[in-house]
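Only one chain is given next, in structure tokens, and it is the form predicted alone.
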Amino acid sequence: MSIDDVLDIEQSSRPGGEHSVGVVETRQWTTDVPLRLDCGRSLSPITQVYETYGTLSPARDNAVLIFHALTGDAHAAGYHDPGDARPGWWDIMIGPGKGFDTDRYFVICVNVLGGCKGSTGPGSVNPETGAPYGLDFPILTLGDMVRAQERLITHLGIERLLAVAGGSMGGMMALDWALRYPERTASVIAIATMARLTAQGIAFNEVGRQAIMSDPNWRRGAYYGEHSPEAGLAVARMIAHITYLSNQQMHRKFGRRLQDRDALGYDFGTEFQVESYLRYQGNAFVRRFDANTYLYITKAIDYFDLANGKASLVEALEGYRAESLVVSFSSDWLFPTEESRELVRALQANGVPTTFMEIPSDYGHDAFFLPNDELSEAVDGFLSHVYAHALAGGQP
């Protein structure tokens, strides 16, 4: 089961209910103050789209910033309209009584800089030309995205976050935030993530980018207003989706079963169920995501490295102070448990209070998107502990 499967299952759900944040509003904030990027260029103006759930306390001490993964957006929970078929991408974790309990916490999620769901990205209009940026958009890092969100959090009047949290790329950004803004971070929840992407991960990202750039409709990124590189983007999604699943899950879900036929056709049509599933995922993805955004964000993930030129990860994390919960999943071979353990050892070597747990799961990297009582209870317990400590005057 993948996140798409879960959302399909929830199509019959509707806003409301005691555990839903209900109908939510997407907001945006634009600033003309240039942001100096790691590549050496500056970007202005910058628009960031975000959503909030729950109520900010009078002391402004209950805010939790959620970072989304590669293909996510600001719509993390609830519904935009009472007739919506699907809730936000992490609705299973955000809401009254859930892991991120909106009866207690003020939860914020922002579409990353470079995104295609409202925040400034390669599909946005370049004020210097009046046309979409395309490849004129500057190369980004996850650090650039984090610094952009820090501006938004400041704009919202929040000086210190109770927690920063995320899975996969979102976990990387949470770690970056905590290292970059230690005085503004009480805690970190890093799920299915690591301190740097492995060579294997970079390799998969590059194959996906090459699939997009090999599509004749890509036109070196200048396809806006024309046919987009749907075939290349669909292949990129199919490749990535394989890495999000586990062998156990694929065997159980598909095995070698045929799709809508009783015997092999001895042709190049769709014969196996797993082929049909991947094609469905690719075709669905191109309807909601921009190919250039995929290029830019995967490159930013490749560049991410918490060590950042330091002699070791332990040395790199010397300024990190936020109490941390690190979670991995047993069948995640893209962001494996061994990488989480390396991160935990480096944090503990710096005296950072760190809780680590590996959750048994057959669902691979996508496991953090799926209903999991163990994950929900761990997040709820960790946040309750951190918040109680903060209310008592402690500084985690």
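Throughout, we count residues from 1 along the sequence that is shown. Keep in mind that this is a model prediction, so the values were computed, not measured.
The discussion below concerns the form predicted together with another copy of the chain, not included here.
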property: Heavy atom distance at most 4.5 Å to another copy of the chain in the model of the complex, all of W29, L43 and K117; result: no
property: Interface stretch in the model of the complex with another copy of the chain - options 180-188, 319-327, 125-133, 262-270, non-hydrogen atom within 4.5 Å; result: 262-270
property: Residue contact check: E206 to another copy of the chain in the model of the complex, 4.5 Å heavy atom; result: yes
property: 4.5 Å heavy atom contact, E275 to another copy of the chain in the model of the complex; result: yes
property: Proximity of A349 to another copy of the chain in the model of the complex, heavy atoms at 4.5 Å; result: no
property: Exercise: D84 in contact with another copy of the chain in the model of the complex, heavy atom 4.5 Å; result: no
property: Single option in L152, L313, A231, I158 placed near another copy of the chain in the model of the complex, where near means a heavy atom within 4.5 Å; result: A231
property: In the model of the complex, the residue from H80, K299, K98, R104 that sits within 4.5 Å of another copy of the chain by heavy atoms; result: K299
property: Partner contacts in the model of the complex for 173-203 (non-hydrogen atom within 4.5 angstroms of another copy of the chain); result: R196, L197, T198, A199, Q200, I202, A203
